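In structure tokens, the next block holds one chain alone, the form predicted alone.
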Amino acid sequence: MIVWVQTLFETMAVTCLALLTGGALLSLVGDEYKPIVVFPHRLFPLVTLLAGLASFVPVLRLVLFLAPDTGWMEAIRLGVFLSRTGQVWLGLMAASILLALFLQARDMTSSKWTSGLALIGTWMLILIKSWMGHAASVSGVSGWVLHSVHLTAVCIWAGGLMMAGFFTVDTARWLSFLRWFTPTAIGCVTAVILAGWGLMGIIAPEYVASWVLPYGEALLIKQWMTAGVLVMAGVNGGWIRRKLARGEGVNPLPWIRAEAILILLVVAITAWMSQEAAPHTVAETVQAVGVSPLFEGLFPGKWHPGLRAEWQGHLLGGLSVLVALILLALIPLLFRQRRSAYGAVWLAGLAACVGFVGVLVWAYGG
């Protein structure tokens, strides 16, 4: 239960940072390059405070870990005030309060200077929060830089989508918006993939072997979900853009909202991964926490320290991967047939589940 609560709060923290980033970014852009977007003034101070408060999760975990041996007061003193994680969180909370006070006093949309300062302040929060992550704990500055790049790109991409998708009241200038946001999103996707690859090398260097652990399995599901997000991005940034350029009537909002929901699901999976043991050395991690219940259910008693994935062309695994790819290919078909965009969310989720099982069976089912 506590893991799910922590996952919820971590997801909330990243979502708040994304909303702040997206709001500041859209406020900086001239009116001729964006749809009409109406932001509630009180939204930004609130999400700024929530970004800091919800980031308390790693500190809470530390306090909960220490409390049985030291008592609650000593655990709070050690976890909040003396640990590296707690001290970084205190810095994040202080920065969040300062930014919230600034945004309470000045409407983010009132001037370019205000939105620019809000964007810089939000980026500072992202940098501080990245210092609390697994990668910075393991590799210091290099891990922090990779995590910062990854989180910044996610916040720009997801934040822009959420703010434009959920706060737009008129899509008359949507094509102008897509002309700058599509290359921006492509740059963010590239940064996410490259930084994610670097983070994977730090946190899960034995990538395939880590699929016997909850962290590795969640990483594999996340990658399948990301494939669904990329298909959706192709529909939003490519197909819809061409239709608008040709003057064809199309409502982009349901599709951009569906893409934002998919990205939030990926963020939630990432948040759940942060609650699990990172598989720096798979054999040692398995000795400490055991293999995942899912792996044990699929392959009972199979794991041993020398177990290696063997790609033997397992029929069920191969068919499952094929079905997952077909499900992803159906997403553009939904758009073509003018079906509900939210059906694409279900297709992407189903593809992630089927593809995940397929890859696992393909690797370990022999």
Partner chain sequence: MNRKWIRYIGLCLCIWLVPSLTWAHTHLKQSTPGDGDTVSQPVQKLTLVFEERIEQGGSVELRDDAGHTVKPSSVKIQGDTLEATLGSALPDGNYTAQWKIIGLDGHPMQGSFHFEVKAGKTSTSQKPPTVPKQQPTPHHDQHPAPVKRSTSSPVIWVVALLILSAAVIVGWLFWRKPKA
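Positions refer to the first chain, counted from 1. Note that the structure is predicted; figures quoted are calculated from it, not measured.
There is also a form predicted in complex with its partner chain; it is not shown, and the following applies to it.
Heavy atoms within 4.5 Å of its partner chain in the predicted complex are found in exactly one of 168 to 176, 94 to 102, 121 to 129, 270 to 278, that being 270 to 278.
Contact here is defined as any heavy atom lying within 4.5 Å of its partner chain in the predicted complex, and by that definition not a single one of 50, 253 and 261 is a contact residue. At a distance threshold of 4.5 angstroms between non-hydrogen atoms, residue 113 is out of contact with its partner chain in the predicted complex.
Within 4.5 Å of some heavy atom of its partner chain in the predicted complex lies at least one heavy atom of residue 201.
In the predicted complex, none of the heavy atoms of residue 363 sits within 4.5 Å of a heavy atom of its partner chain. Although the partner is absent here, residue 54 is not a contact residue: none of its heavy atoms lies within 4.5 angstroms of its partner chain in the predicted complex.
For the stretch 267 to 300, the set of residues having any non-hydrogen atom within 4.5 angstroms of its partner chain in the predicted complex comprises 274, 275, 276, 277, 278, 280, 284, 287, 288, 296, 297, 298, 299, 300, in sequence order.
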